[in-house]
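As a starting point, one isolated chain is supplied in structure tokens, in the form predicted on its own.
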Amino acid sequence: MALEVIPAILVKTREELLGHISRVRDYVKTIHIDVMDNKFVPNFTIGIKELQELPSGLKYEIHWMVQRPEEWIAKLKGPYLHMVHVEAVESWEDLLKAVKESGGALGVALNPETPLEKLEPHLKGAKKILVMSVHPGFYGQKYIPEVEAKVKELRRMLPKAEIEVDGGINPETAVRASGAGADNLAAASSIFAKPDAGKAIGELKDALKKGWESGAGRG
């Protein structure tokens, strides 16, 4: 299982996006980019135009916090991992078609209050599962510990799956989330609000490894 800390970027301009990527690219393999439409969540970020021709040498996962995600995905060609909220999908057939035609892969995401039962029918074709540990929309929110039970159950169901936790991740909560079974952690303010992004990422990697090795609740 490849443990990974993934910087999460929530910005409103292409310039900010490239600046954030530049700060962390030497320390990570993957970048998580949040896209919000001010409809699915009450915030607005960069869109399709700003996502064109992203810097090479990195993997990108696009976290679509939008209504009708298939319409957005259809406009973005490339080998991206499209993290789509089960709460936002109206037609899984249209979504899967858009992902395939884009040249990307599918990931599925769910909000803290969404039961796993809503996710289960769509796990087969998903490359990664994203569990939100905050209510999506804004940086700097407080981690919701109750989601750990969901992560533990997912890890029990899918022992080899990539499970990512996103929201309120810092060195303390990183231990908890990975101890519950997350092998990937998306972190925003605990990286970008620090003067030394590389040091912050290193601390989170140490916490991720510590929690994973503790295996709390994973059986």
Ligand code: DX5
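As the structure is a computational prediction, the values presented were derived from the model and not from experiment. Residue positions are given as counts along the sequence shown, with the first one as 1.
The same protein also exists as the form predicted in complex with D-xylitol-5-phosphate; that form is not shown, yet it is the one meant from here on.
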| query | finding |
| --- | --- |
| Non-hydrogen atom contact residue 132 with D-xylitol-5-phosphate in the predicted bound form at 4.5 angstroms | yes |
| Exercise: residue 207 in contact with D-xylitol-5-phosphate in the predicted bound form, heavy atom 4.5 Å | no |
| Contact test in the predicted bound form: residue 136 vs D-xylitol-5-phosphate, heavy atoms, 4.5 Å | yes |
| Non-hydrogen atom contact residue 102 with D-xylitol-5-phosphate in the predicted bound form at 4.5 angstroms | no |
| Interface segment, criterion being heavy atoms within 4.5 Å of D-xylitol-5-phosphate in the predicted bound form, picked from 49-57, 154-162, 30-38, 66-74 | 30-38 |
| Single option in 125, 140, 78, 145 placed near D-xylitol-5-phosphate in the predicted bound form, where near means a heavy atom within 4.5 Å | 140 |
| Heavy atom within 4.5 Å of D-xylitol-5-phosphate in the predicted bound form - qualifying residues of 86-106 | none |
